[in-house]
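The chain that follows stands alone, in the form predicted alone, written as C-alpha cells.
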Amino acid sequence: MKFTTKRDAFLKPLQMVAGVVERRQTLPILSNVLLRVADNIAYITGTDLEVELVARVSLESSEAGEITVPARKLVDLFRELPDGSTINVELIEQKLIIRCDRFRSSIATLPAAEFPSIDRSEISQEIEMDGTALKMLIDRTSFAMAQQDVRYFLNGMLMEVNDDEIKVVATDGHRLAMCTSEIGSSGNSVEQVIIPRKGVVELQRLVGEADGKVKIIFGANHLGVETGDFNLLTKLLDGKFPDYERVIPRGGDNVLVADRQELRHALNRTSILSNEKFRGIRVSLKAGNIQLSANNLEQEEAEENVSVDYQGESLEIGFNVGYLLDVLGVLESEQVRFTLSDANSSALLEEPGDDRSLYVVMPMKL
C-alpha cells in the first residue's frame, strides 16, 4: 500500500473517523482505524462495535492495499505536520512509513483481516432528506435522551418515518422532546427504530458537516446514514419505546406567551441560588406576569418578575429549571408558548406559529 495526499484534505476526515474510536479498548484492534486504498481513494474506517464510520478521501497517487493503524497516533502526527504540506504514506514490512519534507516516522500496524465490522441486516427502507433538516431534528431533541437509565430503550432516540414525514422523539421519563420534518415523498411505509446515544452523538457530528441531501437506510438491527464522503452505520436498541402521544398534554386552557430570551436570562439568574441537586424553581402565574423564585439549603434565595402575555387563572407550579433552560436553548423563535392545565400537570412548550417541535416538562414538588 502506498499513497500521496494533502495534509489538509486527509486530516479532517481522519479526525471524524477517530472520534468514533474509544480510547480504552479491550481489543487492541479497536484502537486502530482501517486504511484501505483502491482506485486513488483512501477509505478510513473506525468502529467501537456499536457505531462504524467510513470516510472517503481522494488521493494524488496511490497503490492499492489495506492495513490498520493506531487512530490517535495517526491523528496527532497529521495534526502536527505543516498546513498545506504533501504527505507520502507507504506500508513497508508491516510498518506504516509517513514522510513529509524532512520528517519521517514509522508506526506499528495490525493486519486488516483482524478488523471487525458491524453486521448489516436486510434493508427495509431508504429515504432521502435535506441534511440541515436532519440536523435540526437531532439538535432540537437529543438533549432529552436518558443517560444510563435501566430502561435501556430511553438511552437513545426514536426515529419514525410515516408516509411523507420523519419524526424524532427523546425522553428520560421527566421530559420529552419531539420534532417533525417533511421528507417530500409519499408512500413510505411506517418505520420505527431506536438509535443508541453513541449513534445519535456521531450522527449529530456527521450532519453538522454535511451539505445537501443525506440518505437514511433502515435495517432490521442497524441504521445507515450516507452523506457526500461519509457512511455511518449504527446498531439499534431493541425494545419498545413509550407511547409518546399519551404523555403529550392536550387541551390545557392556561396559555402563556413570553419573550424567549428574556425568560431564559431570568431563569438563568434565578437558578444560581436553586438547590444544586434538585434544581427546583417555583413559577407563579397571574395575569400579565410570571414570578420566578428559588432557594437552597443555605437559606439563600432569588426572585424575578417577568412580564408575559397571560390571562389565565393564578397558578403556582414547580419545575426543574434545567429542563426549561434546555428547551429555551434549542428553540429559535423570538417567543415561546407554555400551555398548562393545573399545578400537577405537565407543561407543553412550543414555538408560536410553528408546530414542528413540541416539548413536555413534568412538574416537581417543592
Partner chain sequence: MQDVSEFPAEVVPWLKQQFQSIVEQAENNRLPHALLLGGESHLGKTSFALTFANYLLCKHSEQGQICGNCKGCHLTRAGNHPDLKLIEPVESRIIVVNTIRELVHWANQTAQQGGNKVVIIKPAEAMNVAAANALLKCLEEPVSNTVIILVSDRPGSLLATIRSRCQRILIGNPNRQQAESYLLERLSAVEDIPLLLDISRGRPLKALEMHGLGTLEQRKLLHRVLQKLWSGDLLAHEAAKQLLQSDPEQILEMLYLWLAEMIKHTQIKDFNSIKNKELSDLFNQICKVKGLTGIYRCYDHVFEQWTALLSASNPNKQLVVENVLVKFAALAPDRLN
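What you are looking at is a predicted structure, and each value in this text was computed from that prediction instead of being measured. Heads up, when I say rigid core I mean the largest set of C-alphas that superpose within 1.5 Å between the two forms. Residue numbers count along the first chain shown, from 1.
What comes next is about the form predicted together with the partner chain, which does not appear here.
For the chain shown alone, Lys235 is a contact residue for the partner chain in the predicted bound form, at least one non-hydrogen atom being within 4.5 angstroms. At least one heavy atom of Pro196 is located within 4.5 Å of the partner chain in the predicted bound form. In the predicted bound form, at least one heavy atom of Phe115 sits within 4.5 Å of the partner chain. Under a 4.5 angstroms non-hydrogen atom cutoff, the partner chain in the predicted bound form has Ile29 among its neighbouring residues. Shown alone, this chain has one stretch from 302-310, 45-53, 326-334, 58-66 that lies within 4.5 Å of the partner chain in the predicted bound form by heavy atoms: 45-53. Among the residues Ser85, Asn188, Asn221, Gln291, the one placing a heavy atom within 4.5 Å of the partner chain in the predicted bound form is Asn221. The single contact residue among Asp119, Glu93, Asp76, Glu126, judged by any heavy atom lying within 4.5 Å of the partner chain in the predicted bound form, is Asp119. Applying a 4.5 Å heavy atom cutoff to the partner chain in the predicted bound form picks out Tyr152 as the lone residue from 141-173. Fitting the two forms on the rigid core leaves the C-alpha of Asn162 displaced by under 2 angstroms between this form and the one not shown. For Glu316, a C-alpha deviation below 2 angstroms is recorded between this form and the one not shown after rigid-core alignment. Thr339 is not among the residues whose C-alpha shifts by 2 Å or more between this form and the one not shown once the rigid core is aligned; its shift stays under 2 Å.
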